[in-house]
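We begin with a single chain expressed as structure tokens, specifically the form predicted alone.
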Amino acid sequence: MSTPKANQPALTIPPAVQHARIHGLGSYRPERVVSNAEICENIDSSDEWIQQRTGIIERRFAAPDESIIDMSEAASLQAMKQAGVTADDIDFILFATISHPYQTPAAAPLLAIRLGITSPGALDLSAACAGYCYGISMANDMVRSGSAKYVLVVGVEKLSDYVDPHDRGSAFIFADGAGAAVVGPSDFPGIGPTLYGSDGDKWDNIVQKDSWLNLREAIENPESGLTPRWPYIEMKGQSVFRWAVFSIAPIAKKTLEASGVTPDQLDAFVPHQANMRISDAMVKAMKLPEDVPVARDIATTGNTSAASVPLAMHRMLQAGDAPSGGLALQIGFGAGLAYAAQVVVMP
């Protein structure tokens, strides 16, 4: 093990801030409402079947010229306003998404330009439905270590660009939207320990069907025999359902234990809005008291992947279904298969 050289000066490090919390939340839902009936124009299904299997009544799709940067800007401005901070206060942007259409540059620095944030640290997170909760964990660590004072965490998707409208297994699930949170210093613990992990041997349960390299090969080399097709996202619904119920519910219980919180002390449960049946099964497995409000944003918003947790929590707070200052267990899980969960004090 190495040791400092003799007479070597000690490194100067920023003073640690003891605690962090979410100071503000914001959300954005596109204007276009897409009913189950419209989805069923392209697949052999019905409104009744979709509602029974997922709890989804309708979802939102962004306009063709509406980007994830556009949606994120709207959600971020709301979050910053509630937090009482300006662009000059933001030190870092964590941008969770899997639907940025460019390999580079990342979306985070582009959002910084829109918001007028000068020279922040900025990076994208690719953890699909768990991305926002990963971002909250990282922001908490940044603030507590003193490497940033205020961190903007964004979860956003435009999944309508990446879902095959003719795929009966996924066309009715995914949707578009954005959520954002401002994490900053606090005089009390506002974000509990994060439990995170992945189950990589099940990577093919939610997957981009084809590589971008395959698409290039098909276009540039017609003799290859490959069909030029957009690399849509596919999902094995039953496998994902079993994994979420039997593997993620125990993670939720362990997260409560790590935070020193019992189920009856929660003021809200905000699971990733993957499927209403998954949420119900998790509630049952956790033995959550009936009086604890459960986010059910999926009914009218669909599955927005990285955006689903902040969208759902913001709606609960706006509707008065959850109290400001109350404790919420939030958990994201999905492609990877990755997951992350923490108990937070709601702004």
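Note that residue numbering follows the sequence shown and begins at 1. Remember, predicted model here, so these are calculated numbers, not experimental data.
This protein has a second form, the form predicted in complex with a small molecule, left out of what is shown; the following refers to that one.
Undergrad: Could you tell me which of 106-114, 138-146, 169-177, 253-261 sits within 4.5 Å of the small molecule in the predicted complex, going by non-hydrogen atoms?
TA: The contacting stretch here is 169-177.
Undergrad: Check each of 224, 238, 119, 211 and return the one that places a heavy atom within 4.5 angstroms of the small molecule in the predicted complex.
TA: That would be 238.
Undergrad: Within 4.5 Å, heavy atoms only, which of 51, 300, 45, 35 is in contact with the small molecule in the predicted complex?
TA: For this set of options, the contacting one is 45.
Undergrad: May I ask you to check whether residue 83 falls inside a 4.5 Å heavy atom distance of the small molecule in the predicted complex?
TA: No, residue 83 is distant from the partner.
Undergrad: Taking heavy atoms and a 4.5 Å cut-off, does residue 191 contact the small molecule in the predicted complex?
TA: Because no heavy atom of residue 191 falls inside 4.5 Å of the small molecule in the predicted complex, the answer is no.
Undergrad: Does the 4.5 Å heavy atom contact test between residue 127 and the small molecule in the predicted complex come out positive?
TA: No, residue 127 sits far enough from the small molecule in the predicted complex that none of its heavy atoms falls within 4.5 Å.
Undergrad: My question is simply whether residue 274 lines the interface with the small molecule in the predicted complex - judged by any non-hydrogen atom within 4.5 Å.
TA: Although the small molecule is absent here, residue 274 would touch it in the predicted complex, with heavy atoms inside 4.5 Å.
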